[in-house]
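The chain below stands alone, shown as structure tokens; this is the form predicted alone.
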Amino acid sequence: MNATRARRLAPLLASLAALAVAVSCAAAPAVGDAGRLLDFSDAERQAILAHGPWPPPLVPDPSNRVSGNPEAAALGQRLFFDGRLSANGRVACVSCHAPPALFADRRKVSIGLSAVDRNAPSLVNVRFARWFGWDGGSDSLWAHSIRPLTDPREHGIALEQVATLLATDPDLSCRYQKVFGRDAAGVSTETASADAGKALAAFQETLVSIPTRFDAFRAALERGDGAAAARYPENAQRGLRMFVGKGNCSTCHVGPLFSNREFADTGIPFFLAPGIVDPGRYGGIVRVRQDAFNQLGRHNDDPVRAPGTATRHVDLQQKNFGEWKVPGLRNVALTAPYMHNGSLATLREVLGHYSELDEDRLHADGEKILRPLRLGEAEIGDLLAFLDTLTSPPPGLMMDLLPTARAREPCR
């Protein structure tokens, strides 16, 4: 790593110790609150088991021929930390997706060259998404990695700058040749940009969290080990029972990722200013259809374009206004603030929102899933205890934070 890059990373790496303390505290079981296994019904057990095992199989992305390639991940990591991919030479992907913040930034809305309208979600476990961005405006991780580069508020560059950097920087050019088997100076701007996105995606695919206290409980429940299951805090068990029962949370936050990977209207206002609307999923569908890098285009490496089926058939409907991607809940206790616009500062506020939900804010023509939960203080406490057990121990969050050996070594 050169001295300039080391100086840029120093503030991020310095806060790793603080994050370790925070995660360790979040992962510590409640004292004196374990030792009894609740009498879960068969239906509750089945609902609980549906949230695992973790992690799911790490299947390469068929649209990205370098998915799972360690050399591509090393190139992608170099690009992820490189401020030269911005108009001012200082904004990099890491600026809004910093390792100490679980590859987010803990701001209400992110700031690149200027402030944007949306909160930066964590990139940990991003490889398991189906659509990318709060509005699903990209249909692959690699296409989504290209999008911020040309946004005038984020990186603010023309894609020609990506191609030029890959062709003229000796280390990046060498890595590109090794990964893609061709000279970066000999490909088109569009191809070089698609390849850069694929390398960035290969790096982000490595950011997978390790199993949590919930996963240990789920595994014990699955194998019928009551003694091990009883070590899961009782307040977390009560919160889990509410999560799959009264709260109906698992209707949307389902599966190993705790997300159905689709979109929903949750009653959060989507006006950016009086008379100015962020269209949410509606705008995302329009954008993904128009994207030159979508799965229907020539840069999809799958010969039959199979991953493009969803893009071909996605249906644009009026109800998509105000819909946002259902986020996964793993490590949710560490990724405040919440919602697409960062409008809720704490998990307690999120639960308060769903407890006192204003149904008039929901689309009348949308699915009627949400109802005010009318939670009591004890119920909120139990749900918070459960959500806290979705936090990975520190190694699962930090093992990928420092540059990998391949990314540190000079290219030969």
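Bear in mind the structure is a predicted one, so any value in this text is a computation, not a measurement. Residue indices: 1-based, along the sequence shown.
This protein has a second form, the form predicted together with a small molecule, left out of what is shown; the following refers to that one.
S.K.: Of the residues 100, 280, 148, 233, which one places a heavy atom within 4.5 Å of the small molecule in the model of the complex?
M.R.: In short, 148.
S.K.: Can you pick out, from 192, 96, 207, 229, the residue that has a heavy atom within 4.5 Å of the small molecule in the model of the complex?
M.R.: When the small molecule is considered in the model of the complex, the option within 4.5 Å is 96.
S.K.: Check for me whether the small molecule, as it appears in the model of the complex, comes within 4.5 angstroms of all of 200, 243 and 340 - heavy atoms only.
M.R.: Every residue of the candidate spot has a heavy atom within 4.5 Å of the small molecule in the model of the complex.
S.K.: Please tell me whether any heavy atom belonging to residue 264 falls inside 4.5 Å of a heavy atom of the small molecule, as the geometry stands in the model of the complex.
M.R.: Looking in the model of the complex, residue contacts with the small molecule include residue 264, since a heavy atom lies within 4.5 Å.
S.K.: Any of the heavy atoms of residue 326 lying within 4.5 Å of the small molecule in the model of the complex?
M.R.: Although the small molecule is absent here, residue 326 would touch it in the model of the complex, with heavy atoms inside 4.5 Å.
S.K.: Considering only heavy atoms, tell me if residue 354 and the small molecule come within 4.5 Å of each other in the model of the complex.
M.R.: So residue 354 counts as contacting the small molecule.
S.K.: Against the small molecule in the model of the complex, would residue 177 count as a contact residue? Criterion: heavy atoms within 4.5 Å.
M.R.: Output for residue 177 is no: heavy atoms all beyond 4.5 Å of the small molecule.
S.K.: Please identify, from 298-306, 107-115, 182-190, 312-320, the stretch that has a heavy atom within 4.5 Å of the small molecule in the model of the complex.
M.R.: In short, 107-115.
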